[in-house]
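Heads up, what comes next is one protein chain in two forms, each shown on its own as structure tokens, labelled structure 1 and structure 2.
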Structure 1
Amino acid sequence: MTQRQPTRRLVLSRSAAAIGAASTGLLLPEIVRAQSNKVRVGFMLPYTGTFAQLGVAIENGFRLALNEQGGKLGGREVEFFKVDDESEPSKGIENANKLVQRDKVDVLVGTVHSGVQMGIQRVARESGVINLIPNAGVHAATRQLCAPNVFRTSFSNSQPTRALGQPMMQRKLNKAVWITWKYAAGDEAFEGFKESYTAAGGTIIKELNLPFPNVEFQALLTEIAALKPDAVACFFAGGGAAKFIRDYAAAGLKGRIPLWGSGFLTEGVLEAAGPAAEGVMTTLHYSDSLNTPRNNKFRLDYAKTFKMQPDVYAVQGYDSGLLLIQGANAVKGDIANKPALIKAMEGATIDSPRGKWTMSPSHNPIQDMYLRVVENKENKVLGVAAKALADSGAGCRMG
């Protein structure tokens, strides 16, 4: 699906406008100009494949934020356009250009997959279109390839794991094995773990990895058993994470060697992981069980609107909407006033379901990371693992 199909109501209203124009002698260009007064927002998200559920959650969250403003941005109506990015990096530039060149969007919201984001990043840097990243954690987006018009509302890949070191060492888990897939997200997650764990006094006795998305963990789990570390820290996500958790327990490691990880290890996989996930410790910028008035209201509103429960991806989409709303309100809907819009978004404080956060100089959230434990198929919050954690923004040169 490349563009939202007009609803029957929209078609009827356009027909009525055309008839009205004909009866009063107005010219067609005037109708077109009136319609173009809408803010044009493009979603470039995965709507098919492995990440389809994430794309839907992000769009739902974004729309919920706008619904709270009567569906408007800075008082202006909004028109939406959609492109399924298929989580296919080779089509990243082409798909981003569909929204920027063909649909002439003012704002591009995307995406989930870091490889696809690199294509969007290039188009955004060349065209100057506002790009809101609601998930992809690739470091380059807010480091060496940062741009004034690109803002991330989620996390950098090393942020969640950068919060692991302190709580692990507080529990005297002095020696750890690290395991992940060998790909960019795994490498970047390791950067955060290595930095925080060694700084807290921990020793990484072995780094283990396997090709992405391989899920044959047995040989590596046998090696972990032989190494006898105090703990295992990891980065896995999705179906592979569920299988890793189950295999970890089946190998007899559960209960003997504590399992820790980036929060994506247990996001959306607790049903699939089953009892094996009980007791797994993670750090992340959100948890469904965060018991605050702000989160409780968001969860209720989301469930009422979409008849499903929100997750971390829905929160990130919602926060993308909140950020854009703050910017649009500051410029009274004049999205074309890029310098003022960007300045307002840079200075925004987002009152998020995850807790309030601000934007770093390289346009990445400065946010709390929560320590969570799996209890009864829920990520229960134990406290804050790292307060107001920022990404380094290394290599970012705005301008």
Structure 2
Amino acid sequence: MTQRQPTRRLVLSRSAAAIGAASTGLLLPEIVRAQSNKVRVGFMLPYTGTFAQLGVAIENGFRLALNEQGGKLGGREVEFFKVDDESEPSKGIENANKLVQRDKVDVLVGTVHSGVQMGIQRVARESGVINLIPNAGVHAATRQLCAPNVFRTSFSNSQPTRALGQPMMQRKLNKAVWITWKYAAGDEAFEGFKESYTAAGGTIIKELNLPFPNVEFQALLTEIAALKPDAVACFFAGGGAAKFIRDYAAAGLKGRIPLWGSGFLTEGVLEAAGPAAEGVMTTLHYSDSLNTPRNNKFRLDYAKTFKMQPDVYAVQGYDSGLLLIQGANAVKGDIANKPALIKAMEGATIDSPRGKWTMSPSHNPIQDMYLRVVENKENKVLGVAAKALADSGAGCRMG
């Protein structure tokens, strides 16, 4: 009569304990590893919205790097998981947890949007999961919120724009208007522009912005025409960038007021922007026309595999793959050996299509910035605008 059956409450609390243990990484990883010897890689990227094509390029680039290893990481097969983050910051934590808690990924590759990255950053710091950032430039990720398990293979938001000031002032563009989307990436890109342009003697006569991902540029373009600056500098990317370039020309500003920007403005959009993009000047850590064996081979392989041209996002995804490959090879596939994996990735030199680069102590690339101009639907390199540029890493304390 008094035979002891586990009560419903006990069962519930046991499974709650299991979930709790799983969330701290204590129990389930062993079970998962026993079930499958595959390395679990999760993509958390935008597959819809204004940054959709950026997400696709990053995933393609990452897969290309792995294909070159026979699809393996440190000798182990790889299983992929995917979440569309929609570039929606309010869902950042929830989406990251789909990969970390539900899918139990070993490595989270993401993301593009700086606001969404803040959610990933929190989950990565709490769970200890390896996070490779293949784009989002938000300063905090490699400054005050840096973490041993988080590595960025792209740039910090102020890096590309810190190369803009000098070439603009060399061309006597003394007065500029700045325009961008109002969110972390736009604000931090402005920091880099302001610092370099004012240090070179330039004056910023107006800062204009609109909410992300709004593309109603008309009123702001009318204002620019009235202000008559020597140049306009900006941060836009993806579908919004293509529309900005077209609207700038349609408003009659092209040819009258030179358009400059961080190079995302002209990445992956040259078909869509058409002739309006010709002559746009930018600075970035990559250029289509870098005539090196490394870049030429990458471009050919990418085009053959995916039937489209690579851009900076493809390169950043590819480099995330190269970084993880170096780490995984160093630990012979034992991704769970995080101290050794992290040490190998910290010491890696990435032989990138953009040129070789290394990791700063706060896990952000130290890299050259190129000056580029759009010519015949290509980002043509004019020279190096800033050599071995590192982010400050201000406030980063590892460990």
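Sequence positions of structure 1, starting at 1, serve as the residue numbers. Rigid core (definition): largest C-alpha set, two forms, superposition within 1.5 Å. Since the model is a prediction, treat every value here as computed from it, not as a measurement.
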Identity of the form predicted together with P-hydroxybenzoic acid, given as 1 or 2: 2
Flag for Val374, CA shift 2 Å or larger between structure 1 and structure 2 after aligning core: yes
Threshold 2 Å Cα movement between structure 1 and structure 2 at Asp288, rigid core reference: no
Tyr313: Cα shift of 2 Å or greater between structure 1 and structure 2 (core-aligned): no
Per-residue Cα shift, Leu220, between structure 1 and structure 2 [Å; core superposed]: 6.2
